[in-house]
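Just one chain follows, in the form predicted alone, and it is written as structure tokens.
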């Protein structure tokens, strides 16, 4: 059986979510698909980075390096042989949750093949543990969106419990994702922010207080389908991320291009310092206009929807 994990965008709250503030994320139509196929010899998987088939015990690649973790989770005997067939249309290193989509898809595929009977909640927990291979201290929002789909309100409590609530829109809303083409190390971006926050607590206390107020306001705007207000709040969220020094020239440029093309709002998504941003463009005509503006500037545009 072919199963999947979804890519995602964070609409509000990236970086803040690591510190226990709420975030709003939405799964995308972009996804990683996975299927376990019986094999005669060994354990193999598709490496999405190189496009090659890699083998346990012979090669080193993220998915094959994670295989012992998955084998243990699903109590797979050493004499079982299989091939993990993978495919993805989620851009890597762009802040769209490619690693979370991958580990959710793999967890689901192995759950189906080995008939483990894991619920979505259990799939999500396994994926969160696997995400630590890619991000040492993940917040959990990426794997949650990748597992459940749709739009979610996510908050990690001080005792590590997670509050997750679905946000249902009356209908999907078109967006355009702009890819800067600039890769970055999420761990380094997160660590740099942590150091700046420790060195200037007064400044960041004010930023975080505004971010918390903003995400609550955004939730109500989304539930009320007040898209102009959602766009305005996205712009304010991006300004806070600029103040925290996690944006970049390319991200800021794409946001300006989007707003000049009448997008309702624009902001970076993910860690920043490169990767992707998103523009709120309800309606096919506006979506097409903004996407064309991005490509005219030499950037990659992805037309998709949230909710």
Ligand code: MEV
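Residue numbers count along the first chain shown, from 1. Bear in mind that the values here come from a model prediction, so they are computed numbers and not experimental data.
This protein has a second form, the form predicted together with this ligand, left out of what is shown; the following refers to that one.
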Worksheet item: in the predicted bound form, which of the stretches 134-142, 79-87, 226-234, 207-215 has residues with heavy atoms within 4.5 Å of this ligand?
Response: 134-142
Response to the item:
The listed residue (27, 36, 44, 271) that reaches within 4.5 Å of this ligand in the predicted bound form by any heavy atom is 271
Worksheet item: Every residue in 10, 17 and 190 with a non-hydrogen atom within 4.5 Å of this ligand in the predicted bound form?
Response: yes
